[in-house]
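Before any questions on binding or motion, here is one chain by itself as structure tokens, the form predicted on its own.
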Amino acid sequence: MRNLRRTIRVRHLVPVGLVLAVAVGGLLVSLSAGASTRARTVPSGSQALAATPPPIRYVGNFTSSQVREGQLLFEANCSSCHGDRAQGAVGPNLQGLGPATVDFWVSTGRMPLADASVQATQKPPRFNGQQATAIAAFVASLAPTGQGFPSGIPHVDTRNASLAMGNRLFVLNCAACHTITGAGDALAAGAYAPSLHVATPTQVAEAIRTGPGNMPVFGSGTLSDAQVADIVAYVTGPIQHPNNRGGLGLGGIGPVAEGFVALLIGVGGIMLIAFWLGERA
């Protein structure tokens, strides 16, 4: 009888012991894995600062060969309006505006300008990226960059950018002129805010920091480099590559236009089918 009771007790204790052993082992493994993961992914102090790349890197150290190339290009294509030293003539003085300002206007094709009486429009650029950088380098070599302008051409790293924050900042600071879809819109006195659908990350950052045309300058006191990177990520992401869940985006104008098209085609098609069936009946 005693042996039978002992056997039953052992049979009950063995499964319970196995369950406890597995539970304790799993807990120890998860704790050790979590500790190692935290040790790998969450550096502290100076290590954390070194591991996180800056959101924007401003490149303003140009070589003498770039300056010489830019001088030749500037004298041949820009000096008739801005003077041979960019001091201004028919066009404005460019000295002190920094390389980012010049690079924006040249790389977007807005300069050289064919007609100074109308707003400069974006068009296929006359110069490639290397030539645009050279022209910016020459102008930057003529005078120190003025206060409030970036001293270099911005190169944006959006790997750690927040699309959610970029959306909020875009709606707050940009959508009033460029519209919520970035398609651009008319402003006062015949001016307009251009479309953002073909802007590069560098051009978006340059526009924010230099304020071309009617656009205000958003300095570091208004938007940090991280916030500018967030906006760049949003513009070059959801703005330029929207996810049209309903099918054809129709230019992203909005639900009113899409509803009108659905009403015209959908209801109109149904009415035509109804008339056809009525005639056959």
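We number the residues from 1 along the sequence you see. The model shown is predicted, which means the values in this text are computed figures rather than measured ones.
Another form, the form predicted together with heme C, is not on view; read the next lines as being about it.
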>> Check for me whether heme C, as it appears in the model of the complex, comes within 4.5 angstroms of all of 82, 174 and 198 - heavy atoms only.
In response: yes
> Just to confirm, residue 168 within 4.5 Å of heme C in the model of the complex by heavy atoms?
Replying inline: no
>> Since only the chain is shown here, I'm wondering whether residue 134 would be in contact with heme C in the model of the complex (any heavy atom pair within 4.5 Å).
In response: no
> Can any non-hydrogen atom of residue 88 be found within 4.5 angstroms of heme C in the model of the complex?
Replying inline: no
> Any of the heavy atoms of residue 216 lying within 4.5 Å of heme C in the model of the complex?
Replying inline: yes
>> Between 141, 151, 162, 77, only one gets a heavy atom within 4.5 angstroms of heme C in the model of the complex; which residue is that?
In response: 77
> Mind listing which residues of 192 to 213 have a heavy atom within 4.5 Å of heme C in the model of the complex?
Replying inline: 192, 193, 194, 195, 196, 198, 199, 203, 204, 207, 208, 212, 213
